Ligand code: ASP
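One chain follows as structure tokens, the form predicted alone.
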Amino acid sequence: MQENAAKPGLVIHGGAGTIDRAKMTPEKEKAYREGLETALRAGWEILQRGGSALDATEAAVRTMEDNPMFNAGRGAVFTNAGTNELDASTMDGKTMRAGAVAGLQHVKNPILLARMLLDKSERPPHSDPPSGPVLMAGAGAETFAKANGIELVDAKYFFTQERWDSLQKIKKAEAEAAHSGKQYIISDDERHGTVGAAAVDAQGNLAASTSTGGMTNKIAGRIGDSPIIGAGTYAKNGTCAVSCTGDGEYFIRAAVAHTVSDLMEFRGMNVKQAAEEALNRAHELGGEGGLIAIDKNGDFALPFNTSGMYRGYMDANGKPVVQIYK
């Protein structure tokens, strides 16, 4: 590690919502905690050997995409059409380059395609075109993925019984509500979840990555905040790196991830103050959820306004710390 190197730091989340301790079995809680710890170790290993924050966040998110416990990649929730539509994004705070993808149905690890777009986005100034795309969606994104060697899988790879059962439960509640004329209510735990990571590396560079399956029973084609740079993901050296989870429509309207950075840069807030204020702005519009944020010094914030958020960080001794409830 270079002299005067920054102190690496890593924070992750696995989604926020109504997480009822009373309904959580010991086996399920253990699986979530192990999944979070695995993600932390994957990212931390890269940081410890002097690797980049960008590589670390990608690695952490990729392990959660592969873990069916989380609503990303293999454990993604279903749309109202019974399909899985995946979104992801990543941003490098040093270069301000970013890559994002939405509406994928066959890309095994959406975060890898988002990273590829980031890596391909740099072109000389004033070139034609000036840069590669930051955001790609649907069939075009998957054609691009295939052409560039990103692994595609059959849609059945993403199927998990628990997510399918959640869709059926919501559809049943929806039908009963339509018949009775009453509004149907479901828990956040049945609806959404997202995974994300934010890091600072030994060079003092910041990065953030986010991936999601969206919300259960979402309208096919719906895109939330996760692939929107500045809403669900943002990183800027000198301020912070941020990944969000929650009611995407409100996080988009409040530009939550970008707002954390702006509050630090223009209001002089520290990362904890800025994260709380940005989340409050989404909450004032009606949005629930949470976020993770880390600054260049490794100070971090993990605020949420729901009953729980799957989250974790590496402590000062390099030990993983994972938490679920308030």
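All of these numbers come straight from a predicted model, not from anything done at the bench. Numbers for residues come from their place in the sequence shown, where the first is 1.
Below: the form predicted together with ligand ASP, not depicted.
Heavy atoms of residue 215 reach within 4.5 Å of ligand ASP in the predicted bound form, making it an interface residue. Taking the partner from elsewhere, residue 93 is found to have every heavy atom lying beyond 4.5 Å of ligand ASP in the predicted bound form.
When ligand ASP is considered in the predicted bound form, residue 246 lines it closely, a heavy atom lying within 4.5 Å.
Ligand ASP is not shown here, but in the predicted bound form it comes within 4.5 Å of a heavy atom of residue 193. Contact with ligand ASP in the predicted bound form, judged by any heavy atom within 4.5 Å, is made by just one of 222, 120, 106, 169: 222. Heavy atoms within 4.5 Å of ligand ASP in the predicted bound form belong, among the stretches 223-231, 169-177, 150-158, 94-102, to residues of 223-231.
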